[in-house]
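Below, in C-alpha cells: the form predicted alone, a single chain.
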Amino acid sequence: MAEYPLTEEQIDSYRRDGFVELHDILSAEEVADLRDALEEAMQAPSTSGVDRTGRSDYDRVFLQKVNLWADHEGVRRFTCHPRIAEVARRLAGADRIRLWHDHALIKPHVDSKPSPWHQDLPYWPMEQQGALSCWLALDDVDETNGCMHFVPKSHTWGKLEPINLINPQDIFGLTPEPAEKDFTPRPVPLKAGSCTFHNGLTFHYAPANRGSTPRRALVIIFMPDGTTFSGKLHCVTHDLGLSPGDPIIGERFPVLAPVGVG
C-alpha cells in the first residue's frame, strides 16, 4: 500500500500554523467504500461505540457517533488506515502513534447550525499536548455546506476553557491578551477524499450547512504513544478504571504507526 507523499514543507506548515490541507489521501474508490460503510454504521445500533444522535439542539450542529471503528469493520478499515496513521505520526513527530477515537460528524442541511469556534484538547482527558485530528471529507465541502475554518497559529495560545457547543462563549474573551493575536480565519474547501490535519489546540469552526444534502465527514483522532490520563471524564475512557497519570493504552487505543508495531 503506497504511502501518502507527505513533504517536509507540509510538515513545517502544520507545525507553524497548527493545521495542514492534504489532497487525495483516499482514492475515489476508497471514498465510495467509506461512504457506504459510514451509512451502515450510522444506521446500526452502537454496541462498543457511543451514539450521540437524538439531541435536538446538538443534532442541528452535527449528528455524531463515536468509535464507529469498534462496531463496523468497513469503518475500521479507514480509521486504522496505515496511510493516514503514518501521516499523523510524521506530523506529530512521534515515534509511535495511537488511535484516540474516531467519530462521524454529519452536518444536516435542514435547520443547520454552525459548529462554534473551539479547541479539541480541552475536552480530552490527556495530560500531554500533541494529539491531532484528521478531518476527512466524504463530500465536496466549501463555505456553503460547512467546510472547516482554522485560525492559523492559534495552537500557540495555550489550552483554554472548553467551549459550550450549544451556547458558546466568546473566544476573544477566553484568549489571553486578545489584542495581540490575529484571529483571521482561513476557510479550507476540500474535495471528497481530501482532508485536513489539525493540532488539538488549534481553534476551528464550521459554518451551517446551507447546501441541499448532508455534509459527511469522518474524523480520526491520534495521540502520540506515551500520552497519559488526566482524570477528566470522557465517554471513551469512563469505564476503564484509569487513574490520573496512567498511560492511555490497550485494545481501545491501538498503535497504528509505524505499521507492524503493537
Ligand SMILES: O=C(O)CCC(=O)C(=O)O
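So that there is no doubt, residue numbering starts at 1 and follows the sequence shown. Because the structure is predicted, anything quoted here is derived from the model rather than measured.
The same protein also exists as the form predicted in complex with the ligand; that form is not shown, yet it is the one meant from here on.
Residue M148 is the only one of V151, M148, A85, A137 with a heavy atom lying within 4.5 Å of the ligand in the model of the complex. Residue-level contacts in the model of the complex: of M42, V66, V219, A70, one residue has a heavy atom within 4.5 Å of the ligand, and it is V219. Contact annotation for the candidate site: L6, D24 and H81 all lie away from the ligand in the model of the complex (no heavy atom within 4.5 Å). With the partner omitted here, the stretch from 104-112, 86-94, 71-79, 180-188 that lies within 4.5 Å of the ligand by heavy atoms in the model of the complex is 104-112. The ligand in the model of the complex comes within 4.5 Å of no heavy atom belonging to L34.
The closest heavy atom approach of M223 to the ligand in the model of the complex falls outside 4.5 Å.
At the 4.5 Å threshold, heavy atoms of C195 stay clear of the ligand in the model of the complex, well away from it. Of the residues in 198-214, those that come within 4.5 Å of the ligand in the model of the complex through at least one heavy atom are, in sequence order, H198, H204, A206.
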